[in-house]
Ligand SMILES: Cc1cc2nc3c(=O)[nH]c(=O)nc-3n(C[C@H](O)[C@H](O)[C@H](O)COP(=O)(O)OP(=O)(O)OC[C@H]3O[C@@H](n4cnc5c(N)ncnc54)[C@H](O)[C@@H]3O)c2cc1C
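In structure tokens, one chain follows: the form predicted alone.
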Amino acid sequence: MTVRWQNWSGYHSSTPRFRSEPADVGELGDVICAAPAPVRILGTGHSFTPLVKSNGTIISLDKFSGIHTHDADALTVTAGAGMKIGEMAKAMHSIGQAFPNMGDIDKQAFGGALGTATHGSGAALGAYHTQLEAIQIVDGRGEVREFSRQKNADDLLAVIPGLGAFGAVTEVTLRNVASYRLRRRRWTLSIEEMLDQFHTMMTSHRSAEFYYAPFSRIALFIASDLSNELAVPRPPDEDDETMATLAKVQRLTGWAPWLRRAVLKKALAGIPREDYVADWLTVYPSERKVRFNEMEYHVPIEEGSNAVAEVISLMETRFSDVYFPIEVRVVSPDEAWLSPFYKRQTASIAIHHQAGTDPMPYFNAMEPIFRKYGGRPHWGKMHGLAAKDLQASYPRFLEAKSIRRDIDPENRFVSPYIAKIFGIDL
């Protein structure tokens, strides 16, 4: 019996001929070699692109989980790549270790987060893949391969982030930091002031990000910095209530932008300032129960304010139905060949559209703005680029493609979507 698969937002789905949940690398290798192609690896479906979509085989790595070993002196952990980020964070915290940074969703499988260059925010903080010391994958021949910074650093930088096209990631070794506390503060300011002070605001804190609700003219700024103060319970998460308010205001006042702006400005200006101290794993993540689709592009940080301003202008001119906020973060440069942050400090700009409605008119209109400013797409978020476009944005794209071909010579991991991304003839 076949079971239908769909991603978290419900936008992508497929009915694979075969599904598998292998227990070890031997069984995984057998499935990769023998099961109907294309073979795709299942995380938790939080990618908005059809990375997992396959009419052949979908493999779950849920059994590749848990902390295998750790080194208290070196602050390293070796773990199964199928482990969920939130579970890994709790396990690491219990032994005095921590991620230097986290994204705002902790439900993903760690291997999936690696494959898509998932990240948090911080001008001096990298995406999850920057923590990698070593990685184990099972390749297209069903063979186990290991890459590490000590033995084959270039190959390691080539295969991650790899979109699940280089093999099934089974185990990771991470270099962490000692557990820490963060003081998180939140306040509002005008969007004009935010954009005028963009670089200073986004680089003056260990972690900084802001949200902009359409038509509000108010930025909600969040800063997190290290603290030695005693931890307190985190205030209740009000994201769902905020989204319900934004949707209601759009529904009632969408016909009159001036009225919508007045209502939102008053409502958001009244949001209480937030200021608390908590352990790191409590501060970063938030619950996202309201489903949506998302496009996120990464532009050079010096272009961040201009790109955000154009996105806001176009959104408020042509897309009055949009009520999901824009989310803006910053990320440190790294050396991974297919990383959107390759050799440049980045401003990440994410736009969202409610699930169950067609996001593409909105996203298609916004994409030329992102590309105008040299944007690279988030691998797990919607975009319209293909191999030719990506080759122009990634200096080592063709080298990564060559290594991918060596690891998967029979294209076992190549779905139509992966073929489009890498320019592979099926």
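Quick caveat, the model's predicted, so the values are computed rather than measured. All residue numbers refer to positions in the sequence shown, first residue = 1.
There is another form of the same protein, the form predicted in complex with the ligand; it is not shown, and what comes next is about it.
Only one of 182-190, 114-122, 309-317, 140-148 gets a heavy atom within 4.5 Å of the ligand in the predicted bound form; which is it?
Flagged stretch: 114-122.
Is residue 376 near the ligand? Define near as a heavy atom within 4.5 Å, in the predicted bound form.
No.
Does at least one non-hydrogen atom of residue 97 fall within 4.5 angstroms of the ligand in the predicted bound form?
Close contact is absent here: in the predicted bound form, residue 97 is far from the ligand, nothing within 4.5 Å, heavy atoms only.
Using heavy atoms and a 4.5 Å limit, would one call residue 155 a contact residue for the ligand in the predicted bound form?
Looking in the predicted bound form, residue contacts with the ligand do not include residue 155, since no heavy atom lies within 4.5 Å.
Residue 329: heavy atom within 4.5 Å of the ligand in the predicted bound form?
Result yes; residue 329 sits at the interface with the ligand in the predicted bound form.
Though the ligand is not shown, can you say which of 340, 304, 164, 214 has a heavy atom within 4.5 Å of it in the predicted bound form?
For this set of options, the contacting one is 164.
Of the residues 396, 46, 70, 371, which one places a heavy atom within 4.5 Å of the ligand in the predicted bound form?
After the contact test, the surviving option is 46.
Quick one: 42, 108 and 168 and the ligand in the predicted bound form, is every residue within 4.5 Å by at least one heavy atom?
Yes: each residue has a heavy atom within 4.5 Å of the partner.
Heavy atom within 4.5 Å of the ligand in the predicted bound form: which residues of 264-290 meet that condition, in order?
Heavy-atom contacts to the ligand in the predicted bound form: only 288.
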